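In the form predicted on its own, a lone chain appears below as structure tokens.
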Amino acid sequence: MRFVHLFVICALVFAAAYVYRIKMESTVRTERVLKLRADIRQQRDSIASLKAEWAKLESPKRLQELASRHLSLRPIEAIQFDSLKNLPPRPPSFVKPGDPDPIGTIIESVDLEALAAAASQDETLTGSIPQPEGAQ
């Protein structure tokens, strides 16, 4: 009978130590979670203050003041526009009048059926993206 009592007392001491260990671990984890939440809150506050500072820096009124202070810009006036007749002449054409369009000739010379056949045999849509399996 004494052996059973001794065994039960040892089991109770072991159980109490185990429960104490679990409680301490949960306390440490709770403190870690609270610290992480505080860090997250601090980072969010920092982000909000940076966004506010950015909004202040890019405000149109501030930019207008800086531009007027440091740049010699003036508003556009109607006399600054010119008419179309004062534009420079058109550059000379490399294609003589009556000759076929060289780009159109190249496009017409491409064999579309050969391109379609090559595209259906090729497993890639582009150089790096494989073609979907159901697309063939």
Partner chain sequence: MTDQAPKRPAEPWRQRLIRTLLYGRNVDRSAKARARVGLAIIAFSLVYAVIAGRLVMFAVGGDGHGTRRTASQDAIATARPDILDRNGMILATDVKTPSLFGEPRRIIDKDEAIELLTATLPDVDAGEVRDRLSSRKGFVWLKREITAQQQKDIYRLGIPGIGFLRENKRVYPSGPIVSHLIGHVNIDNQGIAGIEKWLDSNGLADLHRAGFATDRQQEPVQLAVDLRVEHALRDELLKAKDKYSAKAAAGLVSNVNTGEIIAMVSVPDYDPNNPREANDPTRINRLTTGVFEMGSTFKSLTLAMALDSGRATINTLYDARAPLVYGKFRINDTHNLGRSVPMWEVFTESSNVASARIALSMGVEAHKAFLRKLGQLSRLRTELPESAEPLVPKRWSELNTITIAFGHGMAVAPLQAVMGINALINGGYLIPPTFLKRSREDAMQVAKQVVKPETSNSMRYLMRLNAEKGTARKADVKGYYVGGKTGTSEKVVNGRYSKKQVLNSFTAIMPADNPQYQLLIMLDEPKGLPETHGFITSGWNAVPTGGKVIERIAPLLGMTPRFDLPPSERLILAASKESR
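Numbering follows the first chain given and starts at 1. Every value quoted in this text rests on a predicted model; they were computed, and no experiment measured them.
Only in words, not in the display: the form predicted in complex with its partner chain, which the text now covers.
Peer 1: K96, K61, R90, H70: which sits within 4.5 Å of its partner chain in the predicted complex by any heavy atom?
Peer 2: If I apply the 4.5 Å criterion carefully, the residue I get is K61.
Peer 1: Which one of E31, E108, D101, D39 is close to its partner chain in the predicted complex, taking close to mean a heavy atom within 4.5 Å?
Peer 2: By the 4.5 Å heavy-atom cutoff, the listed residue in contact is E31.
Peer 1: Against its partner chain in the predicted complex, would A48 count as a contact residue? Criterion: heavy atoms within 4.5 Å.
Peer 2: Output for A48 is yes: heavy atoms within 4.5 Å of its partner chain.
Peer 1: Using 4.5 Å between non-hydrogen atoms, is I79 touching its partner chain in the predicted complex?
Peer 2: I79 belongs to the contact set for its partner chain.
Peer 1: Within a 4.5 Å heavy atom cut-off, is L66 in contact with its partner chain in the predicted complex?
Peer 2: Judged by the heavy-atom cut-off of 4.5 Å, L66 is well away from its partner chain in the predicted complex.
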